[in-house]
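Have a look below at one chain only, the form predicted on its own, in structure tokens format.
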Amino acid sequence: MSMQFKFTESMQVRADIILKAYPSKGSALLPILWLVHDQEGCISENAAGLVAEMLGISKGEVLEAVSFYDLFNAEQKGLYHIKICVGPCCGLKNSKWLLSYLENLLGIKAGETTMENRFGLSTVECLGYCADSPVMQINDIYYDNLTPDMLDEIIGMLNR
């Protein structure tokens, strides 16, 4: 049985402020989804239902937005969600080799999460840091001009 999603008290205050800022509740969809994602690390079916009810839209509309934007996760991707860019600019600077290096370092493939749910690994087509490629994002932090030594250092630091 899954737990029913509920905002924490402080997140509910933030949601109320956001809702007052929009003339139509439905227009607040993305900011409200950000709150859910910040609180839970993903947007579950239960959370989508609450958001739909809160905004007066269908659960399908909420889930459609979640699936459209790869900024949102529909399921938990680990304490540290690593997104490595494999788009053209990063690809020209060996990001696919770095992805392989990360997969070996973490013992998982892209799209998987480590057994202890510490790291999740995903690929994305662009993180918008083309001039400083190759690039990855871990939760809300971007790392650029990546090398294998940097990956060792970053993962080692997060494993402490």
Partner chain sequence: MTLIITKYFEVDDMHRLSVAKDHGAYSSLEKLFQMSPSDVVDEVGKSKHVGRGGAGFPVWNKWNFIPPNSDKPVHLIVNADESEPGTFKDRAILERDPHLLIEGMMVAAYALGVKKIFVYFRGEYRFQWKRFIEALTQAEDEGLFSSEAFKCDVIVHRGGGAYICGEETALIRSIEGERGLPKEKPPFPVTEGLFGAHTVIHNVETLCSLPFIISNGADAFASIGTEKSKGTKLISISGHVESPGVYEVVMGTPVASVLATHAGGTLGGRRLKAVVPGGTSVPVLNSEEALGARIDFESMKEAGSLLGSGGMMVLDESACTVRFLSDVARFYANESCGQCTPCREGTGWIKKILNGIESGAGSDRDVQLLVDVAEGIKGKSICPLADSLVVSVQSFVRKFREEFKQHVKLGCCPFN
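Residue numbers count along the first chain shown, from 1. Predicted model only: the values in this text are computed from it and were never measured.
Not on display, but discussed next: the form predicted together with its partner chain.
Annotation: in the predicted bound form, residues G26, D38 and V86 each come within 4.5 Å of its partner chain through at least one heavy atom. In the predicted bound form, none of the heavy atoms of G49 sits within 4.5 Å of a heavy atom of its partner chain.
In the predicted bound form, none of the heavy atoms of M54 sits within 4.5 Å of a heavy atom of its partner chain. The closest heavy atom approach of A131 to its partner chain in the predicted bound form falls within 4.5 Å.
Within this chain, A65 lines the site of its partner chain in the predicted bound form, having a heavy atom no more than 4.5 Å away. For the residues L30, L105, C42, A110, the 4.5 Å heavy atom test against its partner chain in the predicted bound form is passed only by L30. Contact annotation for 90 to 125: residues with any non-hydrogen atom within 4.5 angstroms of its partner chain in the predicted bound form are G91, L92, K93, N94, K96, E125, listed in sequence order.
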